[in-house]
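In C-alpha cells, one chain follows: the form predicted alone.
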C-alpha cells in the first residue's frame, strides 16, 4: 500500500503531477487546476499564500489592496505624524475622558518620545554655556531614567509592556518641552518659577494613571515616586539653564 493512500489521494493523477511540477518550475504557460481548499488565481490556477498571484494580506489576515512599500514617502510621514498627534492628545490632554488613554498604549510608538526627548535636550542646550555637555546630560538622564522607571514598574509586577512604558513616559515630556522653550526665551525669573512647577505637575499628572493602573495598589507609591523625581530633576535643569 502506498504511503500517500493511492493514486486518488497522492500524485497518481497526471494532472495533479503536472500541477506540482508547474508550482516548482513556476512555468506560467501551464495552467493549474483548482481543487478543494485551493485559492483561485486570476488565470484560473492555484496561488499559494505569499506568491505574486495571491492578494496581499492586511491586518488580521484579511486581503488588502494597500501596500505601504509602494506608497509615497510623504503619505507615510503624514500617517506617522497623525498617530503622534493622536497619542499626544490622549496622553497629555486627558481633560474630557481619561479612559481614552488606554488607546495610546495599544497604539504605542517610539517616534513621538524620540522627538520630545531630542527637543528637550536641544532646547536646554541652546541656553547653556556648554551646549554639548548639557545635551549629553539631558539626553542620558531622560533615556536612562525612562529605562530604569520602566524596569522598576515591571519588577513591581506591572502589567504594562516595556515599550509601552517608554512610549508614555516620552509623551509626558511634552509639558517640560514647553517649559524649556519658555525658560530659554525669557529671563524673567518669576515666569520661570511659576511655569516650571506647573509643567512638572502636569507631566506627573498625565503619567500617574498609566503607572498606578499597571501596578498593584500596595506598590503604586514605589512606582510613582521615582517618576515624579525624574520630572522634577528635568524641571530643575530647565530652571538653572
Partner chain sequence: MSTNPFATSSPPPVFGEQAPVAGPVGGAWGPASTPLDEEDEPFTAAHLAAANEAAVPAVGGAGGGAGSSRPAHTALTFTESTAAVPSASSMGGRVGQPSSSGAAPVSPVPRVGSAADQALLASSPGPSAPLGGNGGMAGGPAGAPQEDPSKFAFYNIKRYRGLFNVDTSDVLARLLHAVLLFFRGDFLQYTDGNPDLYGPFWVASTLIFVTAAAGNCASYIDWTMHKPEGSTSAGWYYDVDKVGGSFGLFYGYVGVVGLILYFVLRWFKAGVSLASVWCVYGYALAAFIPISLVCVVPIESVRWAVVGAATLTSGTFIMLSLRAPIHEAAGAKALPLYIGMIALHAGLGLALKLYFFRYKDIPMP
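Numbering follows the first chain given and starts at 1. All of these numbers come straight from a predicted model, not from anything done at the bench.
Omitted from view is the form predicted in complex with its partner chain, to which the following refers.
Counting only non-hydrogen atoms and a 4.5 Å threshold, tell me whether 194, 201 and 204 all contact its partner chain in the predicted bound form.
No residue of the spot touches its partner chain in the predicted bound form.
Contact with its partner chain in the predicted bound form for residue 157, defined as at least one heavy atom pair within 4.5 Å: yes or no?
Residue 157: contacts its partner chain in the predicted bound form.
Report yes if any heavy atom of residue 134 sits within 4.5 Å of a heavy atom of its partner chain in the predicted bound form; otherwise report no.
Because a heavy atom of residue 134 falls inside 4.5 Å of its partner chain in the predicted bound form, the answer is yes.
Taking its partner chain as it sits in the predicted bound form, is residue 161 near enough to touch it, meaning that at least one heavy atom pair lies within 4.5 angstroms?
The answer is no: residue 161 has no heavy atom within 4.5 Å of its partner chain.
Do residue 189 and its partner chain share at least one heavy atom pair within 4.5 Å in the predicted bound form?
Residue-level check for residue 189: yes, a contact with its partner chain.
Using a 4.5 Å heavy atom cut-off, which of 111-119, 81-89, 147-155, 167-175 contacts its partner chain in the predicted bound form?
Result of the contact check: 147-155.
Residues of 108-137 having any heavy atom within 4.5 Å of its partner chain in the predicted bound form, listed in sequence order
The stretch 108-137, when checked against its partner chain in the predicted bound form, contributes 127, 128, 129, 130, 133, 134, 137 at the 4.5 Å heavy-atom cut-off.
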